[in-house]
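So this first bit is one chain, no partners, the form predicted on its own, shown in structure tokens.
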């Protein structure tokens, strides 16, 4: 059984990845994972191929995912890790539990799902890790979220090198600002921590770029020339300068 697996599929880019991926490729089954079962069931009705709904909290229930893999013994053609969330605000505005939950979902759950899935992947299989432009620099007022995404970037690049002999592709997808429900949750802790956004994508636009770059076998995907120039600058300017530019943009100076 040849399958695709998408985490965070109940909304945003995860949901859009399910739509675009299944329109472009053929699988025996699509596994969609998120906590909100009703959202996944609605998505299932929209897609034309068999969909298996896995209503799981990946910070607590990865053993259920591991058990299902062991029972079904699928051939996983593609894994898209899209689960994650962020919170905006000063260090004393974001509750400690939110910080711990960001680390648990954005880092620990992503690694767990990836590691558990790899035994069921063969030559030609692909892993797309949904990352962020914040992976490339320290980001005040998103400090924990940005740090989790820096982890994802480093982990994905190193894993790609390790899997080269197995001919399994790994790509970190860093799309920048994407209009999704992410902001509904991120702004719960502060509505004015982030006020400047240099470029917006719709979920459809971002996912289209991500899948296109995955097909090109890129190691890191950064959509748009604007964002590519930002990454170039971040890599070549002193970190203090980069953070000061960010703070000035957010009217924090």
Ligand SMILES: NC(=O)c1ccc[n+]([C@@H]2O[C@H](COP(=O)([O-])OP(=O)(O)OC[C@H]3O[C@@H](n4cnc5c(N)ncnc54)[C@H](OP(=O)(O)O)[C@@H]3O)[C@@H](O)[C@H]2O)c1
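These figures come from a predicted structure and were not determined experimentally. Numbering follows the first chain given and starts at 1.
Below, we refer to the form predicted together with the ligand, which is not included among the displayed structures.
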Original post:
Quick one: of 74, 89, 146, 176, which gets a non-hydrogen atom within 4.5 angstroms of the ligand in the predicted bound form?
Top reply: 176
Original post:
Is it true that 10, 57 and 183 each have at least one non-hydrogen atom within 4.5 Å of the ligand in the predicted bound form?
Top reply: yes
Original post:
Does residue 42 make contact with the ligand in the predicted bound form, using a 4.5 Å heavy atom cut-off?
Top reply: no
**OP:** Using a 4.5 Å heavy atom cut-off, state whether residue 105 contacts the ligand in the predicted bound form.
**Re:** yes
**OP:** Check whether residue 34 has any heavy atom within 4.5 Å of a heavy atom of the ligand in the predicted bound form, and answer yes or no.
**Re:** yes
**OP:** Answer yes if any heavy atom of residue 82 is within 4.5 Å of a heavy atom of the ligand in the predicted bound form; otherwise answer no.
**Re:** yes
Subject >> Partner-proximal stretch of 130-138, 90-98, 159-167, 114-122 relative to the ligand in the predicted bound form, 4.5 angstroms, heavy atom >> reply: 130-138
